[in-house]
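One chain is shown next in structure tokens, namely the form predicted alone.
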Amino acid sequence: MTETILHKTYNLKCIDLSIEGKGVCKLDGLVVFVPAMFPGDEGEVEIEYKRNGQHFGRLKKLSVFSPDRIEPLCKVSSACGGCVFQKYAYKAELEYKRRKVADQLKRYGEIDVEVLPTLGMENPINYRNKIQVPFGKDDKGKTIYGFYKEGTHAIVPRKECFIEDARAQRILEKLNDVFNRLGIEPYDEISETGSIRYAMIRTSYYKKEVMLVLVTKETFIPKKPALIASIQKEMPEVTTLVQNVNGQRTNVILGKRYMTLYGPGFIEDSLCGIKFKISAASFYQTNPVMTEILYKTAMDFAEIAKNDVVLDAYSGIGTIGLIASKRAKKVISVELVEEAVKDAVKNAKANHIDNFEAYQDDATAFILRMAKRKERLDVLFMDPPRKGSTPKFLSAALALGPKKIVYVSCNPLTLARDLKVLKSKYKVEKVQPVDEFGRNYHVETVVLLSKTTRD
């Protein structure tokens, strides 16, 4: 019985990395996943638990070091679990991501295609323009902030993070001091007491604008006027303060109610020459430098002609569609979230773009109607969530038959699954991984598909 190996220690060698960046070891033919182990590492591993038929271990001591192992910048990277590759050479990380995309396409999409080398950052630090940090208490009753330890709600305190915008670190430290000084309690999910659940900080890359969002249990915040005054005085870089109310017992961070406490309630940033207004609820890529590379790659793949009609599905605040509008005859943008569509319309007006139409609708329902009406479509941009697209959407896309499809994916597994459907009428021409999430196992991928059959 494999259960007899639990809580025992074995000398194991790491031979590969899993899709989630965990070390892959073998124990008498049994696969054991071990965080913070890299190919070439060897050492003592305790088998900690079994989940969904898979075994997971904890590295206790290294005896042989991987040639790609490095000293981490962050002292709490192992406890935090947010940066699984802090101890892994960046060049090796980029190759891992390329290989991961290739493996998923071959295994689940049955697509054996060359995957281009991953486009990476010059230095993958301080790139995140959005952070969401929980607040709690330490053993002495003082308010603290940090990250949840992987798989738990135990807060790992920290004062610096090497992947987030450096401005956010100062704001969090000052904010925590203000909470302690004013006696404003963090929310306790067991007793359901206290007020402050999270702080979300969004920063502009091209402007000196910062949004601070306080996520609270209820509308009332003790000493609210003093809190607002303290933030304005001690954190002058915060250009707008927003309160979000989330009274639910849930792991979802944001609730549905927002109140602007001062400032305009949004920040502005720029991508590929287009200005964007970003509200608290807006979806906006977290790495501004690599997002420009991601979208420029998508545009280069699409080769949009001046008479082309373009559809931007799963469009969010219209980022891809608005960038494409500079090249196309007409761009149609479809997004389900009402606030995002409103943002897209505002962004089009602010940039004086008049060949852009934004619709609030389910992308699948919208494209099905286009297919029924046999509307013309030259280029389809797809940027679905991690769960990927839907069979109905893919069927409608095949029926509509645009000349090109550019698929932007944040999940190689669902990308492979969807491409398997699309390849019945389309050829996978190019696959380009882009490192949006340096030091983490996630990877963005841009895929160009060209039509191979005539209707």
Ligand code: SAH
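Residue numbers here begin at 1 and follow the sequence given. Just so it is clear, the structure is predicted and the values come from calculations on it, not from any experiment.
What comes next is about the form predicted together with the ligand, which does not appear here.
Undergrad: Although the ligand is absent from this view, report whether Pro72 comes within 4.5 Å of it in the predicted complex, heavy atoms only.
TA: No, Pro72 sits far enough from the ligand in the predicted complex that none of its heavy atoms falls within 4.5 Å.
Undergrad: Give a yes or no for Pro264: in the predicted complex, does one of its heavy atoms lie within 4.5 Å of a heavy atom belonging to the ligand?
TA: Looking in the predicted complex, residue contacts with the ligand do not include Pro264, since no heavy atom lies within 4.5 Å.
Undergrad: So in the predicted complex, is the ligand close enough to Thr118 to count as touching (4.5 Å, heavy atoms)?
TA: Outside the cut-off, so no.
Undergrad: Answer yes if any heavy atom of Asp343 is within 4.5 Å of a heavy atom of the ligand in the predicted complex; otherwise answer no.
TA: Asp343: no, not in contact with the ligand in the predicted complex.
Undergrad: Of these, 165-173, 102-110, 211-219, 308-316, which stretch puts a heavy atom within 4.5 angstroms of the ligand in the predicted complex?
TA: Among the candidates, contact is made by 308-316.
Undergrad: Among Glu234, Glu357, Asp361, Glu375, which has at least one heavy atom within 4.5 Å of the ligand in the predicted complex?
TA: Going through each option in turn, the one that passes is Asp361.
Undergrad: Which of Ala229, Ile125, Ala371, Leu336 has a heavy atom within 4.5 Å of the ligand in the predicted complex?
TA: Of the listed residues, the single hit is Leu336.
Undergrad: Answer yes or no: in the predicted complex, does the ligand come within 4.5 Å of a heavy atom in every one of Pro288, Ser409 and Phe437?
TA: No.
Undergrad: Since the partner is left out here, which residues of 373-405 would have a heavy atom within 4.5 Å of the ligand in the predicted complex?
TA: Heavy-atom contacts to the ligand in the predicted complex: Asp383, Pro384, Pro385.
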